[in-house]
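Next come structure tokens for two forms of one protein chain, structure 1 first, structure 2 second.
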Structure 1
Amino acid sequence: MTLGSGQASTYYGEPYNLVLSMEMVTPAGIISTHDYTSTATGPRILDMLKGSEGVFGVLTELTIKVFRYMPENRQYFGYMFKDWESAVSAVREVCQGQFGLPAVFRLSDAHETDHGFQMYPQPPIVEKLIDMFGYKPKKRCVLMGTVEGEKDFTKMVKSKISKIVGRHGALSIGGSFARNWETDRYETFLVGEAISDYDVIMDTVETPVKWDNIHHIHDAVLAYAHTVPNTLCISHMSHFYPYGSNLYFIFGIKGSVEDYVRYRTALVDAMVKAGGSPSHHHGVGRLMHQWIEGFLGKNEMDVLRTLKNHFDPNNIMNPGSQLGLNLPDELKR
């Protein structure tokens, strides 16, 4: 029961907003919420239960919104920008256009774009042409995605995206990048499994960003990440909103578990100090619990502790420092 999010959330919405009702068995009794589309009956208990990560009780029933699935209407697209700044400006304009949103929307920074070209090398003539038109390695950024829904809607949204990104200097590269990514989406983790045999550990951290702080957070995290030897850190944006997005940082480090923990901790420190959050949608668990109180503040944490004490007075549900509720002060960051 983390506050997770799916790859197509830009169009379908966050799962948090897709949940209409739930039933949870807690030590204090069964909580069963209603599945009305909306009510004005005060603060919603349902919202207090979402993202509780097992500290209040056990989720036994869930009612969620569903959409009509029309894969025959899916439209794929891909574009290349000359730099990160123009790419970010373009995706912001798309998200604030009020004409509809794509389902998958993914913008890779220059580091991830170069990494992608290494994984999916292009014919030399294609590389030469791209370079000749000014889309240089170490600067160029790839945007890819899909549009889903009713047939006329998908055509219209794809057309609008094409016009907007064109004004920002984007070059169309077709839908192959998005198709390849969709095909390999749930297999690339095998790369991490394989390289672990060579003492390389890979992981991901992510944070919500607003349009006015995305560059600051992106630069601050990578400024630290690229100072540490035997490491790799690449980034992309996904999960978009009119008011911002989410930044992923995918990193790898060759070394011990202790090396990994130090590097990851410093990455999150840089992310939070630059104005980010300890997590956008991967939940909190115990990997992020050190930063929770510093991010939320003591008063908000006291509310969560009060709810915990109400639902689970004997602390038998997922006990420990989940959500940072019982974390010793010396471990807080």
Structure 2
Amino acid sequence: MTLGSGQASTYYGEPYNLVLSMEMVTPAGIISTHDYTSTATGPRILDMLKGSEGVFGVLTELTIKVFRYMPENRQYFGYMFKDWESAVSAVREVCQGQFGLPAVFRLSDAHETDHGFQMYPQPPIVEKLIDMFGYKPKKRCVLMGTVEGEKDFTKMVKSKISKIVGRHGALSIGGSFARNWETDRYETFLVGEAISDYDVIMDTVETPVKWDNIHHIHDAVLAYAHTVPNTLCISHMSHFYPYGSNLYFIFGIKGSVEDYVRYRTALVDAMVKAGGSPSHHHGVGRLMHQWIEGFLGKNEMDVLRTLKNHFDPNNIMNPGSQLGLNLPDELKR
């Protein structure tokens, strides 16, 4: 179990906010947390168990918040901006507007936008008009999403978003991008599998960003990514908060597994060096445990070591995974 984030987390929250209580069977005994709406009797054990990826015990039960399903009220929207900077300023204003948040909210950078137009070409006349209005390839960025919840709320939020993005020079492109994305999103992952027949390996890395470091991290990762031959790297923001978002990089490399590992490692290094975290929602696991101690710091890591020793003194729970406890120093990043 990881600290994941669903695509509609901007409105509904993430498992971290949604999980109210859990039962975990650990070698030290069964841990059952309470499902109070809130409690100041802390520190909260629940918080220490979330995201533990099986290294403390096996999660056997959980209580989770649910929301009423009202697809009939869902509003879809899509906008095109002239450039990344104006798009980022607009989404920041939306997220700090305090009128309510969209559910799906996804801003593609210029590379991902161009890639999207190649995959879903528009009629030539539409392309020409968009270009004529100043929304140029290699610069323009698409924002799309949904608003979910009660009927008047969804209309109000969509209208507020429309006014804000309009002030940042956005052009409405309707709801079809968001509808297509919703329909295709699980199939597009199959592209990654199909393309592996051509010796191309696709994968993703992601990091939380605050509004004051988003451009720095975006530029730093792409500056490295685009210097490596036979690779492709595109990016978007998704999962938004009033104080920032998540930058997601999708990459492909034509080469060997060793080339892929080298490229992926350097991307994560660039992300972390620029002030990011090794992961926003994909967790740690064996793939990322090289970064955990360097990222958290020794004192913080000691807390996790102590918890691990308490729950699992014989190291039988998911050994060698998340915490990287047996990792030699030279492999730590």
Ligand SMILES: Cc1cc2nc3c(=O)[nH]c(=O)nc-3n(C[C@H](O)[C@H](O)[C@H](O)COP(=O)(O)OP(=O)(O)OC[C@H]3O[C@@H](n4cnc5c(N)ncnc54)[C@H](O)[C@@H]3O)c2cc1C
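Every residue number counts along structure 1's sequence, beginning with 1. Think of the rigid core as the biggest set of C-alphas that the two forms share within 1.5 Å after superposition. Since the model is a prediction, treat every value here as computed from it, not as a measurement.
Of structures 1 and 2, select the one representing the form predicted together with the named molecule. Answer is structure 2, the other one does not fit.
Does the distance between the two CA positions of Val19 reach 2 Å or more between structures 1 and 2, the core being superposed? Shift at Val19: below 2 Å after core fit.
After a core superposition, would you say Gln7 shifts its C-alpha by at least 2 Å between structures 1 and 2? No; Gln7 is a residue whose C-alpha shifts by less than 2 Å between structures 1 and 2 when the cores are overlaid.
Once everything's superposed on the core, is Met317 shifted 2 Å or more at the Cα between structures 1 and 2? Met317: C-alpha displaced by less than 2 Å between structures 1 and 2.
So, with the core fitted, how far does Asn326 move at its Cα between structures 1 and 2, in angstrom? On core superposition, this C-alpha lies 2.9 Å from its counterpart.
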